[in-house]
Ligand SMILES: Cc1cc2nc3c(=O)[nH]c(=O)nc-3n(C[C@H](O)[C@H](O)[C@H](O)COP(=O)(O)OP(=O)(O)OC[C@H]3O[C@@H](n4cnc5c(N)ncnc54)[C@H](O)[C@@H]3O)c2cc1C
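As structure tokens, one chain now follows by itself in the form predicted on its own.
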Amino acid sequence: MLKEYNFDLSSRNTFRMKARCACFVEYGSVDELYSIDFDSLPKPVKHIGGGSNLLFTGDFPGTILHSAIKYVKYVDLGLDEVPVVVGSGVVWDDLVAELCGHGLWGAENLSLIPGEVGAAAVQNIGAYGVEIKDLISGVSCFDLQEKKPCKFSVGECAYGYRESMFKESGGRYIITSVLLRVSRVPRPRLEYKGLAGVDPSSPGAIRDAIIAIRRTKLPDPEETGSAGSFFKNPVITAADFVRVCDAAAPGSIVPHYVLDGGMIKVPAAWLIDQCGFKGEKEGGAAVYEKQPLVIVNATGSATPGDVLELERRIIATVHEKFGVELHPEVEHI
């Protein structure tokens, strides 16, 4: 177990924000997690994954926890469906690569999403028509309030668009492992716009295509700091959608997706782009020139204030032009 005080978090968040925490604890097993004396730790206590969906807005006065539980166990019963138990500290894209390498279907559309398995289950990551909830069967946790292990079925996790009961629990539950179900039977999901013509012959072929697509749109985290998609795609009423169409440039076709119940999802990237923010700068931060949904640490020395001000300007301008309220997907700490 690693335990350090006054810990530098710069390498623990993909935005590369310079921040410190009073204490950092990393555990490598469930037994190590259970052995932690939580009462003695500086408060508050916050659990993070790979730091790929976080914005540290300043130094953290309490304890940051991190899982290094890294195992992948296949429960191979010879059936079409293969249960896989995955430790919460496994890097998500490493797992997707492994599953595709075994010819197992289900996770390929979620290729190249940064982060770790535990955080992915909290966030309900999604891309190209698939969410991780589609693969999850159950989640094993440690209950910080009751100081005991517990398990939840996928139904009990209350998953929604980038939402789960874990996000609503105030950090009560620490995910230790996730039970996924993948398939030997080919199940290509290529209905999503942009995947037309993708080779459906294997999960690996789809993974390669999605990686290629994502790399044309998103910054390389090894080169440019960011937290990926910064805003959620707004879900609005039909009446609100009419107002968006009316406010759009003459002749514009507003991209949208009609959801169950008649609500309409509009891409936040389109709204931001229509407001002229692509490439816009604020101090060391900028809107990524290839994908306006992403705010980047353009200079490598952006401050949290730079990012927050750019976020504020984007939200205010989109609301003024379209009457739509954007909400950050990135968690602010």
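Numbers for residues come from their place in the sequence shown, where the first is 1. Keep in mind that what you see is a predicted model, and the values were worked out from it rather than measured.
The form predicted in complex with the named molecule is left out here; the points below concern that form.
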In the predicted bound form, the residue from Ile206, Val96, Leu180, Ala119 with a non-hydrogen atom within 4.5 Å of the named molecule is Ala119
From Val266, Leu293, Ile48, Ala285: within 4.5 Å of the named molecule in the predicted bound form by heavy atoms is Ile48
Flag this candidate site as yes only if Ile113, Arg162 and Ile175 all have a heavy atom within 4.5 Å of the named molecule in the predicted bound form; otherwise mark no. yes
Given 36-44, 301-309, 52-60, 277-285, the stretch touching the named molecule in the predicted bound form at heavy atoms within 4.5 Å is 52-60
### Query
How about Ile136: is it within 4.5 Å of the named molecule in the predicted bound form, going by heavy atoms?
no
Discussion item. Residue-level contact is defined here as any heavy atom of the residue lying within 4.5 Å of the named molecule in the predicted bound form; does Ile213 satisfy this criterion?
Written reply: no
Should Pro200 be classed as touching the named molecule in the predicted bound form when contacts are defined as heavy atoms within 4.5 Å?
no
Although the named molecule is absent from this view, report whether Ala248 comes within 4.5 Å of it in the predicted bound form, heavy atoms only. no
Contacts from 79-108 to the named molecule in the predicted bound form (any heavy atom within 4.5 Å), listed N to C, are Ser88
